[in-house]
Each structure stands twice: as C-alpha cells, then as structure tokens.
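Before any questions on binding or motion, here is one chain by itself as structure tokens, the form predicted alone.
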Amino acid sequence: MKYPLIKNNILKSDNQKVIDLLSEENPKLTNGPKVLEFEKQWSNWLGVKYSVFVNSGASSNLLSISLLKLDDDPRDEIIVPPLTWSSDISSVIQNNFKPVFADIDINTLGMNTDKILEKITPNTRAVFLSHIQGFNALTDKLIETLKAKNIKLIEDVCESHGATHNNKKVGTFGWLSNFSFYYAHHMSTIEGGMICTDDFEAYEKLRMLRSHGMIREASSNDTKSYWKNNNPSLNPDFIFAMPAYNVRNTEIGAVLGLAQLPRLSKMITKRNQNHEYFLKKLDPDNFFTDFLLNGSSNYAFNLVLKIKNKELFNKICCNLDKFGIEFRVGSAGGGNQLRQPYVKKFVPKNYFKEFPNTEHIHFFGMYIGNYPDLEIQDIDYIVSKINI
C-alpha cells in the first residue's frame, strides 16, 4: 500500500522507551506509576482535573455509560449519533438505556444541534456527542440547553484529539469525555483509551469500575474508609463495591503515551495543514469542501460527493485501489449504524431512511489517511487520482 491510513505513528524512539522499561531489573508492567504519570500529564494537556487510562476507546465508552447506570435516576434515554463508532451505541444498549438517534450536520459530521434538541424528552438522561474525524460538533446552544435541562453531556473525542470549541479543547465541556489511543489515531499506545472529568466522585468510581470494582483502586482514603466501615466482615483488599470490569491498561501503554504526548500538538498542526491543502485541491464541482474547519484537529481526509453519483463514486474507489491509496467508505464506523445488525432490533424497520445526511455519507462518503509524514507532493498525487 503506497498510502496507508496511517504511517509511522509509533517511532523507534518510542519503542526504545519500552525497551528501557523492560530492561529494568524488576519492572512493574501492569497498571502502576507510569499509568498514573500519563494520566496526570494527559489531564494537564487537555485541561481537566482527572483522567483514567483504560485499554481502549471502546472501554472508555463502556465505563462512561456504566457510570450513568450507577446513579438513581429513572430517565433512560440517551441521544446518540447514527454516524459514529459502534461502541458508542453498544455501550448504551449494553447498559439497558434506550438509544435515541439524531441526524448529523454535513459541515461537521457530528450530530446537528437542532436535531438533538428535537429529540429531547422528559426521559432524556444524556447526550453522547461524537466529534467525528477531528471536527468540533459542539455549539453554545447545545451546551446551554443541556445545562438548563440538567442533561449530562458525554463527549466522544476518540478521533479528535486537540479539536477546540471557543478556543478551549473539546473533551472539557462534558461531564465526561472519552479518548482513544488506537494505532491509527492522533497519538497511539497501540490500544488504549482515556476517560476525563472534573467530577471527583465520578473519577473515584471510574477507577474502581476499571478494575473489578475494587475499593483499593480508589485514590481517596475517605472513599476506602467508607466501604471498609460499611463492610467490616470483608477483607479490605477484596471489597468489590460495584459490578465492574477489568479494562486496565499497562505500564507499557503508559510509556508509549508519555513518549508521544510531547509531540501531539505539533502533529495536530501538520494534520490540519495537510487537510486544508487537500480540500483546496479538490474539484469543488464534485466534492463537498465546506467543512467547519475552525477548531478542527483533522484525523483523515474526508471525501464526500456533493450529489448522489454512484458511477463517479465507484470510479474513484477503483482508482484509489489501483494506485495503492487506502480508504474507508462510509466515514466513521463504516457509515449509518442504523443499518447494522446489532441496532436493527432496537429501532423500527427501515428507520435508517429518516437520517438523510447520514445516509448520504454512508453511500457517497469516505475517508483517506492523513498523517504527519504526508508532504505536499504526496497530497497532490492523491488528489490527482480523485479529480477524474
């Protein structure tokens, strides 16, 4: 593959940090001090008080919704996007909440604020907002309305590290935010994810949810004492406060994260420069180029036809295959999640037809890899195989 979706996301210098760890006389490899250090440095970079490092972005989604389930609140609806990764919706279903879908805005690929507000009912517990492909999906109107209605905002920032809203990083506006450090993302710990919050009580519960529900994972002695005092017949090392999971990451993942974080901002700048140049070179008669770039942190080159032209779309796909340019049809998560088997039994038949913007991306949208190694001549070559 001449132009893969990602290239050189983990450098030799990153690998050397792992080798140094493994070369120690008696290295701790499971969740330990390096994880805690990475969590603190990530919190400082993002601008939140607390972060919890887990084994994937999907696990960060799962724990976020599981945390909601622990609260005594009868509201059972969570508004989710039809264009997103499957784990956003799966985590809602797995925790017995009702997913309620709102269509996207073509300019950001994220849920349209007005569509979200139309779906709010007295049963709405939270909005699970995905920042797709590096675009900011927040609006002041959404933030203010959710606050006024006491509806929690959870931000999925897995594809959008460093994107901003009003010059403040996304992932700092919601009650919780989720990040992914999968190999293809802005920075990588191979697999990995982070849950971020300013809510100390949520932080304590997330630490326990991450590791079997054990109280010894809590950071506060007050938290530990509460559970110990209320369970005197139990060994304090093995008090499981809640039904939970084991989704811890490792010291190896943390070492990779600590190595990559210092260059993340520079990589974001290069990705954005690449993306702006790519959009300028596209044929504006055939392709949508009016994305909302203010505050974006580009993940990939999005290619969306302006009109439904199956013949042209198929020609482009064939050309990209022919010249070794990797792509993914349907953008994030492969397109409209309402067409997926895991969702169909939870919605009416043919419900996917009620989301025209998502449907258009499903059939006439794709993304192509963007990464810091790409140079102007590489982008010119890629575009030359698209403008046909």
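From 1 onward, residues are counted along the sequence shown. Values in this document were obtained by computation on a predicted structure and should not be read as measured data.
This next part talks about the form predicted in complex with a small molecule, which is not shown.
Note on the partner interface in the predicted bound form: the residue among F97, Y182, F301, F291 having a heavy atom within 4.5 angstroms of the small molecule is Y182. Contact with the small molecule in the predicted bound form, judged by any heavy atom within 4.5 Å, is made by just one of L109, L209, V127, C158: C158. Remark: A58 counts among the residues lining the small molecule in the predicted bound form, judged by a heavy atom distance of 4.5 Å or less. Proximity of T84 to the small molecule in the predicted bound form: non-hydrogen atoms within 4.5 Å are present. Using a 4.5 angstroms limit between non-hydrogen atoms, G134 is distant from the small molecule in the predicted bound form.
Residue contact with the small molecule in the predicted bound form: G192 places a heavy atom within 4.5 Å of it. Residues placing heavy atoms within 4.5 Å of the small molecule in the predicted bound form fall in a single listed stretch, namely 158 to 166, out of 158 to 166, 219 to 227, 282 to 290, 251 to 259.
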